[in-house]
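Coming up is one lone chain in structure tokens, specifically the form predicted on its own.
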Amino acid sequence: MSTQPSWWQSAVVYQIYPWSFQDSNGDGIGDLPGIVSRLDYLNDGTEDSLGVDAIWLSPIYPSPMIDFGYDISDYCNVDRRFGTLTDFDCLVREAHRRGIRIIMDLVLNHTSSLHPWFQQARASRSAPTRDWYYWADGRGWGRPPSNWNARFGGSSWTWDRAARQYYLHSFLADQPDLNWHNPTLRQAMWKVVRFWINRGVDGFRLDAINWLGKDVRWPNNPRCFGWRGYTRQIHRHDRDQPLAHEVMRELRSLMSAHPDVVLVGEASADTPGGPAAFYGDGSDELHTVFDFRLLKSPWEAPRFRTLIAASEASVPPGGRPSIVFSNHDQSRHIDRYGNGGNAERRARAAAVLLFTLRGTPFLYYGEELGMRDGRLRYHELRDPYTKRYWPFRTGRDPARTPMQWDASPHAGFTTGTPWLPVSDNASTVNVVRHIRTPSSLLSLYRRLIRLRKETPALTRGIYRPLQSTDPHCLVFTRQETEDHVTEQAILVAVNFSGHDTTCSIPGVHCQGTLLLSTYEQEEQGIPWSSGQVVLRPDEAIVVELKRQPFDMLADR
């Protein structure tokens, strides 16, 4: 490729959950000065740092924290728990000085019920912001306008005594939905976007975008018999409306004046056309959209092979896939993928996939250490969603426990009492212990990130799956060009099984250099030649193929 990719196409993004990364003042809650104090760990330009290119901050706005920041009461400020706007400006300045970009979380679908917009709206039917939210009369005594149910349980409609009408909320009752049909509301939100861009923000992660837009005739959703909770309905009318794409196109148009600002979307897997629908034609909606199918997949090679192929086929030219295995809403992938097998070995193999598949990798704080889900008692839970379904679902709190910096009582996260208990394995799984250990998962992450940056085939090359005689093996190449005479090609092979295997690649014989194995570091750099790939249990390897004509058979 002759053109230089945009920064986010070659970037590695690190998600920080501000509550849990680093506390600077002893109140047990992470904050912006704490993040600043740890920037050198993320990237100080040396091989000792992780080497990431951007950080994505989960919400830091003022909020009653009913949904831990996704219920925003002021879009243009910082919650006092995390610091001030001055602290934020310091974070941007210090991050940029180290070559680290800042991506803000932006919640477009709803605000907090304490936001001044909603407080004004509920006070009078003639209030200027009344139509910025969805209001409707009921269908008789005690009957809401429709049967729509909320993602976090119960009806999507709540009766407001002051307003004498129902208001709509797709999530908690404390999170009233915004009415994106209203052009004045749109302009207010675009003003928010410009506010943060002017403070130096490099991108936005857009929350729950497929919920934007509703059928305001309030028809009932069809029932889905045999399911419970949110999935007992087919959500045909309360989400996945054409308006959501209209809003994304308008936002992308706004970004034409800021071509370096990246837009990252989050949409449900079952939205029509899948999350990739929000790329539009590849140039008129979002730059990249999370595809959570790998995140929610079992650790099985055939499943990964199918889902990767589906992602490759769905992302249009001009769009960029995202690769993500963990985040603040899901159990950590070392626990999910490790279920029924060797979790540590599988985590190492997953790391290879994270940085060698085509797309922009997003890693969740602590995954580079092998942090596990916390074991929490009910009285230790903080998240209402987790409490609601405890103990039948894992919930979100276990994946949000404090970052494990060292083996001190609170893992170096705070001098006070942490807002969530530190995970049990902090005494052995922490930065201080692993940063100088060549065989640690942290060292593997650092090597993979450096390898990715130094290897054009991994940052901008195409993905070509290879057939394998062992269904437990996933084998593919990354090539700079589609022809058979290529400047550089990388072969990646992953054994998803817990036993030794030799997988043949029919019609292929390759020579090259073994760059990396998830087993011993000293194996890198040795000659490699095979039409068969020999792998140990849960092993992943990365091989640089010789610069010569070669013909590889791709799965179709």
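It should be emphasised that the depicted structure is a prediction, and the values quoted were computed from it without experimental measurement. Each residue number is its position in the shown sequence, starting from 1.
What follows is about the form predicted in complex with a small molecule, which we do not show.
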Requested in this report: Among 94 to 102, 405 to 413, 199 to 207, 331 to 339, mark the stretch whose residues have heavy atoms within 4.5 Å of the small molecule in the predicted complex.
Outcome: 199 to 207
Query - Candidate site 67, 110 and 400: all three near the small molecule in the predicted complex by heavy atom within 4.5 Å - result: yes
Query raised in the report: Should residue 468 be counted as a contact of the small molecule in the predicted complex, where contact means heavy atoms within 4.5 Å?
Result: no
Query raised in the report: Might residue 266 be said to contact the small molecule in the predicted complex, defining contact as any heavy atom within 4.5 Å?
Result: yes
Query raised in the report: For residue 75, is any heavy atom within 4.5 Å of the small molecule in the predicted complex, or not?
Result: no
Requested in this report: Decide whether residue 239 counts as a contact residue for the small molecule in the predicted complex under a heavy atom distance cut-off of 4.5 Å.
Outcome: no
Requested in this report: State the residue from 360, 175, 179, 146 whose non-hydrogen atoms include one within 4.5 Å of the small molecule in the predicted complex.
Outcome: 175
Query raised in the report: Among 132, 445, 279, 171, which has any heavy atom within 4.5 Å of the small molecule in the predicted complex?
Result: 171
